[in-house]
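In structure tokens, the next block holds one chain alone, the form predicted alone.
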């Protein structure tokens, strides 16, 4: 049986959410990570991902300038750095260094990959759409990378800063 509900409360019933870290090079040449839960695959051919970012975020202006980004699916053990990337601003801080994240250069775009993540996707921006208080950036995937360890588990969002792995079947 359905009953009326505040919108946010009903949206929270959909948890856990997908969780990703977007990495974009800012105007100062710093690779800035931002934690995202509003992300989706939008096409298989060509492969594309879409992310939603608020204009108030440091990464928003960087996305406009760079026109490219990496999406990394953080793994179990990366919860603390993933919280940092979603709660601190990269305007005055090197969040990758502060989080202790191991990175390597991307292969097709000017960005970096998170070494310990489950997967990384290098994307070139092919479209942007304003949707209320956020904009959707659509990125064509130009390269993909996966963690060679088959035991690495992805983390999900159970709330604003409550991140944890999920076992299959849970």
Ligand SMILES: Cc1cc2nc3c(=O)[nH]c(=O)nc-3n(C[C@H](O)[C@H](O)[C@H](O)COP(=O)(O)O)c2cc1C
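Positions refer to the first chain, counted from 1. It should be emphasised that the depicted structure is a prediction, and the values quoted were computed from it without experimental measurement.
Heads up, the form predicted in complex with the ligand isn't pictured, but that's what we're talking about next.
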| Segment that reaches the ligand in the model of the complex - one of 54-62, 99-107, 112-120, 138-146, heavy atoms within 4.5 Å | 54-62
| message | I'd like to know if residue 34 sits close to the ligand in the model of the complex, meaning any non-hydrogen atom pair within 4.5 angstroms. | response | yes
| request: Consider residue 155 of the chain shown here, and say whether it contacts the ligand in the model of the complex, taking contact as heavy atoms within 4.5 Å. | output: no
| task | Please check if residue 76 has a heavy atom lying within 4.5 Å of any heavy atom of the ligand in the model of the complex. | result | no
| message | I'd like to know whether residue 67 contacts the ligand in the model of the complex, with contact meaning heavy atoms within 4.5 angstroms. | response | no
| What residues in 75-99 sit within 4.5 Å of the ligand in the model of the complex, counting heavy atoms only? | 85, 86, 87, 88, 89, 90, 95
